[in-house]
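One chain follows as structure tokens, the form predicted on its own.
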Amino acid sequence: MNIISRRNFLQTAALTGAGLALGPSLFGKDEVVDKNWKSPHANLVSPDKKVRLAVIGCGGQGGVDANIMAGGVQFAAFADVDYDRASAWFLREPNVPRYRDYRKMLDEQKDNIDAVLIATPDHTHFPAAVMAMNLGKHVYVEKPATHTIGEARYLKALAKKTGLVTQMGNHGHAYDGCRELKEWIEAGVIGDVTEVHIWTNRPVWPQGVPNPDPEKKFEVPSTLDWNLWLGVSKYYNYNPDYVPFDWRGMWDWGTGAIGDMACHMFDPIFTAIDLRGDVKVSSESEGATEFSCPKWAKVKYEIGASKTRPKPVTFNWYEGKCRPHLKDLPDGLFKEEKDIPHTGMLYVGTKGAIIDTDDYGTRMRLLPAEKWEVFRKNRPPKKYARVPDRNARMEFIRACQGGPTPGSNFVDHSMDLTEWGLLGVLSLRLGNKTIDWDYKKGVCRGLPEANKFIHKEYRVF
């Protein structure tokens, strides 16, 4: 894809040809980071200089990310479609150039930028990342990194081709939990994983809302450029119910509860047993419309055995009012219904189970409780390297200066993880149809109507 101009954005086909091999990431088989590490990435910044960082989306999560990165960067430019939301950063860094349109910012400031932080609504992640990467800029993209599976595959290929440093903002991947779960499972603590149950209190925003009334119009705030906020999505009249937060429950801009949380809650088990491959996905839900995600949903993934999965795995996702009950779970794990946590990730194996009640994988324990008391005194040894300071944002900045490849980089991890979550979105968008996913080809077998959701059209804005 050529650089995206302010007047044109072209839908693109898959990249072809062999890409750059990125080599081992920090998630390697040593407890200590290799002191002889030599980065394979392109366009690195000298370790004695600060990374010149541009931020697309300064309000909300972008402001949080930028604040954590602040000690290691020099802010080069800010872009935000709502100057009111971004005002705190404008006041904090009054000399940093500011823009509403990220395309204009990247075009005019490209020689002053090393890396770009993208923290916009989901539908803008992909076009912003593509433009930045085509300009040779490293990118940190908030989760979910893309709005469609086609976009995820494109960004993975683009990262291979360019050799740039990439990272998705599922910051829990930098915590110890992902590595500990992998160590426990590989040590045979619960035997072979056969079932996964993950449930959340999301959505905590409206879903199941009716299609917009085209006759209903509100005045756009003077600080907001609504056309730029819509970006590549189809045009809708402005409504204060959509911004700055509740867009997450609308298909054109967000990916609903499963898209929002899969990159966090699926990550530990995806890392531990590698869920890539052909998979059958089915769903049930209530209240979805052409415009809005459902009020509640359950999604089931069925995946076969592999080198990392000695047994077939049934993977269950629950959201909204839908959650697992005693009848859905193996006997003996919970005594009463009230003992099942409000949210959780439950991994069931042939010899036991692990429960984690933190969305980011930091509160693991064995079930039943008596097993945990014995196990905690004799845990498996550490096998995989930990991220220094457990900080995904600074992991990215250090990688831009030649440090180890971030664990949730596009090539090795995060785009495949994003795809796994978006397969659930795909089944829901198809009206709860069962899909038979061909991983190698990236298509639903016998379901050509799925293509309009695997790929999408982009509005010129």
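One rule holds for the numbers: they count along the sequence shown, beginning at 1. As the structure is a computational prediction, the values presented were derived from the model and not from experiment.
Not on display, but discussed next: the form predicted together with a small molecule.
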| property | result |
| --- | --- |
| Contact test in the predicted bound form: F75 vs the small molecule, heavy atoms, 4.5 Å | no |
| Distance check, G421 to the small molecule in the predicted bound form, heavy atom within 4.5 Å | no |
| Proximity of V81 to the small molecule in the predicted bound form, heavy atoms at 4.5 Å | yes |
| Non-hydrogen atom contact T434 with the small molecule in the predicted bound form at 4.5 angstroms | no |
| Contact residue in the predicted bound form, chosen from K156, H264, R179, H197 - any heavy atom within 4.5 Å of the small molecule | H264 |
| Candidate from I56, C400, L53, L428 lying within 4.5 Å of the small molecule in the predicted bound form - any heavy atom | I56 |
| Complete contact of Q61, G169 and R248 with the small molecule in the predicted bound form (any heavy atom, 4.5 Å) | yes |
| Region of this chain that lies against the small molecule in the predicted bound form, out of 188-196, 368-376, 338-346, 119-127 [heavy atom, 4.5 Å] | 119-127 |
